[in-house]
Ligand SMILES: Cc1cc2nc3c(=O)[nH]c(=O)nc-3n(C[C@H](O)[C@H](O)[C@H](O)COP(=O)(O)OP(=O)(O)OC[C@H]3O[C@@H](n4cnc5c(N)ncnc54)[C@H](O)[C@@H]3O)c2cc1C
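First, one chain by itself: the form predicted alone, in structure tokens.
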Amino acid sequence: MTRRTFTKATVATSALVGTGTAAKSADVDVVIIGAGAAGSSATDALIKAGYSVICVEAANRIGGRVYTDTSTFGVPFDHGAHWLHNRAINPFVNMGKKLGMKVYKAPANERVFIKGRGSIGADGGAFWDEYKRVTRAITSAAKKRKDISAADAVTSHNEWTNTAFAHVGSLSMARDMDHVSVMDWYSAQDGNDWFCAQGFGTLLSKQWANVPVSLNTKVTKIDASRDAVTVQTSTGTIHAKAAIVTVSQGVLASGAINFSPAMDSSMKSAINGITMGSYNHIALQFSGGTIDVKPDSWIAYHLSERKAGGPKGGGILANVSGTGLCYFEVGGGFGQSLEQQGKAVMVDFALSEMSALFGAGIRKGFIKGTATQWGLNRHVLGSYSGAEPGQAATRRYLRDPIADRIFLAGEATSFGEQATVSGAHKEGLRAAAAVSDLLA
């Protein structure tokens, strides 16, 4: 645990038995809303500590934004999180090893392309120089404690700035540079990334396979106006001593869950200031050898146009784990506009871009494609969180309990590991520790 060691010796039987059991009217110690990384870790920790717990999930599966699909392509396809960021502080690498899964360091297979010219060398030359210049400018602004936009931190542009902006903004922060807080960008910890060949979602679902969850259970109201918590769901009412809410910032901002008492002005400012970005995978499957790149190669290419507020184009993680599957990544304003046009348009765009880079002949090896649409997923309403310029400091208010009994947890409440699964996991443990302190 991050704050204290649980001392309860007995392990209570969960209020629900078996994943998918419907949540009926019940009285428990703790109710947890959401069965993603934060909700699963919190549920597991509290059950092991001896508390009676109900975890409810609006979707029909656990994992939240960490989900591996093996049916669409016959190989693992991560719809959401794929990178195990910052191995030094990421517990999922060791979890994967203990589960007997193939986890490995992301190889340094990076290439830079220009349409019509192909690869321009392993180092990318001018692109990498511009990328470093842009990040230095953002770092300089952040060190001065000026929470301006990343776009305002860069005072001059060249032919590779648009591409660098894509990699710093839309393909990393899931938002365009004028919506990136330099303080939020600078505060995120960095390190070596790893992958899981079986899929990050597979790893997470195996890690918490025995954590009981009530699926298809939508929460509409959480009331802590008295000395307890009452949660109204689509399948019954739950009475508890405390609640942990792990839904996304998108769901919180939508008002889908009514809180009583209402959130105070500080928390409302945090929900308005720490918003969901747009980031999606357009997955394209090719027959073996069609795309001549090493496994897990990252392909950057020259982006000259802008559309919907950001660079028009994306980046490519090619030959994922040697399967022939490619993730064409799009984010920010352009990615969001593409998402809203539908999966067929997304696939057509990605295939056209890749044909311009690798040659029209790759279409002969193209098998099929699909795309994620996290912004349109009603259980999430976006990809992951980020601070608007000037709003990074409001993130701390998300950790303030509501009525001393409702605790928020997830990647958005993390300091340093925001927008990561590792961050969400640790925040679930933090919230569990806070509940244990309350109930002890």
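From a predicted model like this one, the values you see are computed outputs, not experimental measurements. Just count from 1 along the sequence shown to find any residue number.
Although it is not shown, the form predicted in complex with the ligand is what the next lines describe.
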- request: Counting non-hydrogen atoms within 4.5 angstroms of the ligand in the predicted bound form, say which of 188, 257, 271, 99 makes the cut.
  value: 257
statement: Assert contact residue (the ligand, in the predicted bound form, non-hydrogen atom within 4.5 Å, options 217, 202, 319, 163) equals 217
message: Can you confirm whether 247, 383 and 420, the three residues that make up this candidate site, all sit within 4.5 Å of the ligand in the predicted bound form, judged by heavy atoms?
response: yes
query: Contact between residue 374 and the ligand in the predicted bound form at 4.5 Å, heavy atoms?
result: yes
- prompt: So, in the predicted bound form, is residue 432 in contact with the ligand at a 4.5 angstroms heavy atom limit?
  reply: no
message: Can you tell me whether residue 399 touches the ligand? I mean in the predicted bound form, with a 4.5 angstroms heavy atom cut-off.
response: no
query: Looking at the partner-bound form in the predicted bound form, is residue 38 within 4.5 Å of the ligand by any heavy atom?
result: yes
- request: Considering the ligand in the predicted bound form, find the one stretch among 361-369, 294-302, 80-88, 124-132 with heavy atoms no farther than 4.5 Å from it.
  value: 80-88
- prompt: Going by heavy atoms, what in 86-105 lies within 4.5 angstroms of the ligand in the predicted bound form?
  reply: none
